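Below you'll find only one chain, the form predicted on its own, shown as structure tokens.
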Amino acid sequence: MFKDIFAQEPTVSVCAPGRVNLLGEHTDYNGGFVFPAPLPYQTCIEAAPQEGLEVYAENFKETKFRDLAVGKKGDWLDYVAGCVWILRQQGYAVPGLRAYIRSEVPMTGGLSSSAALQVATMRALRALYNLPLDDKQIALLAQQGEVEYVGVRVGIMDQMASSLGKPGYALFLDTLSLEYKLAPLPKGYRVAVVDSGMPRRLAEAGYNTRRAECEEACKELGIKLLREVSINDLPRIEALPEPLNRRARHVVTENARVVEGVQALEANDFRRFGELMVASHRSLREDYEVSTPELDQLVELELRHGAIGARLTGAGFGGATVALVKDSKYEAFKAGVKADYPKAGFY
């Protein structure tokens, strides 16, 4: 396809996956624990070296150009430009690239399509210019580019999941130390991603508000990150003013759920892992207030139709849910949810 657009053969071809988060929502920017898994949906890039940017996006059926002396423009090309920009900031000689982008990652479901694009771009640039970067550095630089160039204050989870994730495993990541390990997903079960059909219209504004509330809670507690408090500190947290007490309580209890969830999977206690998913959704709905009536309905239906655990995934305010379902029950699960919630999309 690259040749059809640019009349030359590509020099490199790379891909990076989207992700779904099983547990650990809104904890990454608080220095907490997360437990995402890569999806079988990829963003793929064919590329060749050149000065500046000339990028064709198959999903949008358009080519965009960018002189890298010009700053961000508020479009999808910012995510590609931000990767080149941050590498230059780090002293790497990266002129630019000509690229053909094709993505299978849904763009409105909270499944990290932007991180997949960034990691794929970084992989293409690494290959084109022989950059001495490992996969962890790829993730860190991609996140830095999104924060400093694109201007979105994201945590590190999405880029790390896309860069370090492995099919069949979830990534247990300490976002403070960046220590991580891979934990096998339960055999005989499917991680079902179900889109609510409701775009995440308020996600960016809501995300920024929740992040600011967490920072205010930290000031009240005299700490830098909510990671510094634990379940044992709940009495201090409960004494915070509304809604800071509930925001902090979600983060602290969610960190505990991630740790227990990994232990449950390692002990093959899948039922307990499912219970923790449900508890996570309840906390996101009541303490963090990022759910919606549609997401709540979808989670209830998924549990009714055979899932052992279900919750919203991503920033919330619309988007997708994630459920854990036995392979043998998946078709009945899918049919039942679809009958009761016709807008549902299954990934």
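Residue positions are given as counts along the sequence shown, with the first one as 1. Predicted model only: the values in this text are computed from it and were never measured.
This next part talks about the form predicted together with alpha-D-galactopyranose, which is not shown.
Colleague: Consider residue 154 of the chain shown here, and say whether it contacts alpha-D-galactopyranose in the predicted bound form, taking contact as heavy atoms within 4.5 Å.
Modeller: Close contact exists here: in the predicted bound form, residue 154 approaches alpha-D-galactopyranose to within 4.5 Å, heavy atoms only.
Colleague: Does alpha-D-galactopyranose get within 4.5 angstroms of any non-hydrogen atom of residue 315 in the predicted bound form?
Modeller: Contact check for residue 315: yes, within 4.5 Å of alpha-D-galactopyranose in the predicted bound form.
Colleague: My question is simply whether residue 17 lines the interface with alpha-D-galactopyranose in the predicted bound form - judged by any non-hydrogen atom within 4.5 Å.
Modeller: The answer is no: residue 17 has no heavy atom within 4.5 Å of alpha-D-galactopyranose.
Colleague: In the predicted bound form, does residue 281 come within 4.5 Å of alpha-D-galactopyranose, counting heavy atoms only?
Modeller: No, residue 281 is distant from the partner.
Colleague: Could you check which residue among 270, 76, 207, 85 gets a heavy atom within 4.5 Å of alpha-D-galactopyranose in the predicted bound form?
Modeller: Residue within 4.5 Å of the partner: 207.
Colleague: Pick from 300-308, 55-63, 22-30, 37-45: which stretch has a heavy atom within 4.5 Å of alpha-D-galactopyranose in the predicted bound form?
Modeller: It is 22-30 that comes within 4.5 Å of the partner.
Colleague: May I ask you to list the residues of 36-61 that have any heavy atom within 4.5 angstroms of alpha-D-galactopyranose in the predicted bound form, in sequence order?
Modeller: Nothing in the stretch sits within 4.5 Å of the partner.
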